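Presented as structure tokens, the chain that follows is alone, the form predicted alone.
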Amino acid sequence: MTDKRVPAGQRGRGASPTEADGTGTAETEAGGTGAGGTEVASTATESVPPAPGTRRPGGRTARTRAAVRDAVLTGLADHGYPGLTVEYVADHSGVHKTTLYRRWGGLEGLVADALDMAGEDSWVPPDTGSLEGDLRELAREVVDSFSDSSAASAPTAFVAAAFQSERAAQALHAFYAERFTRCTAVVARAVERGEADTDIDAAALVRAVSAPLLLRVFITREPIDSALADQSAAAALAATRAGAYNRR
């Protein structure tokens, strides 16, 4: 249920807008930097990125945003939220810090937009043909995202940021709410197959699959593996069959 791009962190220096564009010219659409490192005048109207959940235009603007996102993820993975700065994002994205402040408003806006981009992917929940198989695969995806320390560094930093920034907290909530909404398809198929009651609370079931694993990751700081993923899925399945998640 987590975005594979977020854990990856896009390690290393993000591509600059000029590099991404492949033109060899300075980024000017977003008021970027010239060849000499000085800010050039903007040739397009600057605006704060739309609210989370909305789509952005493509082209150079999208490449600029992607370069900034990559820098944010790398910074979170390497230094965590407390160590991330606008200057770091500017140095690693090739976008002048003045532009970053003008378009994103500061560090909170940069982190929130990086999370928003993570929710704009094409990820879909598994479809194994059974509720048991789907729940197991969902749980194993959580393990895949958090069991490796290097892969888990960026999403862990996002969670930490949510405790320090209200805007980051809102973005994290929106990200997982959207993920859980996609996962309701798993429950809908289970209802069609007769594996779950029609009045089941799909969101409660989906949350129950990942909750024991995330408890270990963020609260007790214990390792997780595929055996624990299978155990979590089995417990959620047993509770489903017992009607524990039915709206009554």
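Remember, it's a predicted structure, so these values are computed and weren't measured experimentally. A residue's number is simply how far along the shown sequence it sits, counting from 1.
Another form exists, predicted in complex with a further copy of the same chain; not displayed. Remarks below refer to it.
K.L.:
Only one of L172, A139, L131, M117 comes within 4.5 Å of a further copy of the same chain in the predicted bound form by heavy atoms, so just point that one out.
P.N.:
It is L172 that has a heavy atom within 4.5 Å of the partner.
K.L.:
Just to confirm, V124 within 4.5 Å of a further copy of the same chain in the predicted bound form by heavy atoms?
P.N.:
No, V124 stays farther than 4.5 Å from a further copy of the same chain in the predicted bound form.
K.L.:
I'd like to know whether D201 contacts a further copy of the same chain in the predicted bound form, with contact meaning heavy atoms within 4.5 angstroms.
P.N.:
Flag for D201 set to yes.
K.L.:
So in the predicted bound form, does any heavy atom of Q164 sit within 4.5 Å of a further copy of the same chain?
P.N.:
Q164: contacts a further copy of the same chain in the predicted bound form.
K.L.:
Indicate whether S147 is a 4.5 Å heavy atom neighbour of a further copy of the same chain in the predicted bound form.
P.N.:
Result no; S147 lies far from a further copy of the same chain in the predicted bound form.
K.L.:
Based on heavy atom distances of 4.5 Å or less, which listed stretch (108-116, 139-147, 95-103, 173-181) is in contact with a further copy of the same chain in the predicted bound form?
P.N.:
Answer to the contact question: 173-181.
K.L.:
Just give me the residues of 215-247, first to last, that have a heavy atom within 4.5 Å of a further copy of the same chain in the predicted bound form.
P.N.:
The stretch touches the partner through L215, R216, F218, I219, T220, R221, E222, Q231, A234, A235, A238, A239, A242, A244, Y245.
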